[in-house]
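First, one chain by itself in structure tokens, the form predicted alone.
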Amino acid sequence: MSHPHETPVPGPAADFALALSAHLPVLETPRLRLRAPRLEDIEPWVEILCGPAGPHLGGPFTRDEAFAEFACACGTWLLRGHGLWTVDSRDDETLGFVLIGFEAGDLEPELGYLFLPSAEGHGYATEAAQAARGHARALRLPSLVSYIDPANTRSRQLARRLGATCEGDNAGSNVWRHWGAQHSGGQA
């Protein structure tokens, strides 16, 4: 099945997209590079959202729904000044994604992490999340939380490793606080 909206079209529009992405911060860790997402990153994104992790992320998702989520996560850069990074190993293998997001239903900026099954269990998510969290601090965000499905044991363990504490619930997700005051408008 063809997915034309996922296929880059060369020319001025593609050149402009490349020029825009060059302005996004690249974060480097000892083993990883967090870079601007590209349209070609849709395959690993779809593998994550349409795979076993999908239900923990608000799914299950169809491929088109996953694309819409990808576009929203990328668009956060233009709207809020933070957003989605693609996480690559130092040998340019895409491992997953990390983001400082703020989507509909969120009460505060969110640190999110989504990794391919093949990249799990190597500490990549911890390393990438620490780098993204450091960037969020540099942006002086007043607070940062992770919204985690209560059934997502691995994500809860990662939040604990990062030093976050579970404070309550919001829309069916546990709210894990990295820093900042409790939001005054609801349970969290």
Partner chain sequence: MLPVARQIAEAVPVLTTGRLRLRAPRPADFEAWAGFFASARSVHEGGPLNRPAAWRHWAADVALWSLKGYGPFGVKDRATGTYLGEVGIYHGEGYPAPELGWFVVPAAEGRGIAHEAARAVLGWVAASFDWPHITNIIEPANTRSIALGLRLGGVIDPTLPGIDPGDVVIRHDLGGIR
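Positions refer to the first chain, counted from 1. Since we're looking at a predicted model, the values are computed, not measured.
One more form of this protein, predicted in complex with its partner chain, exists but is not displayed; see below.
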| property | result |
| --- | --- |
| Interface residue in the model of the complex among 38, 56, 161, 31, criterion: non-hydrogen atom within 4.5 angstroms of its partner chain | 38 |
| Any non-hydrogen atom of residue 113 within 4.5 angstroms of its partner chain in the model of the complex | no |
| Touches its partner chain in the model of the complex: residue 139 (any heavy atom, 4.5 Å) | yes |
| Close approach of residue 76 to its partner chain in the model of the complex, 4.5 Å, heavy atom | yes |
| Close approach of residue 67 to its partner chain in the model of the complex, 4.5 Å, heavy atom | yes |
| Heavy atom within 4.5 Å of its partner chain in the model of the complex - qualifying residues of 11-28 | 12, 13, 14, 16, 17, 20, 21, 23, 24, 25 |
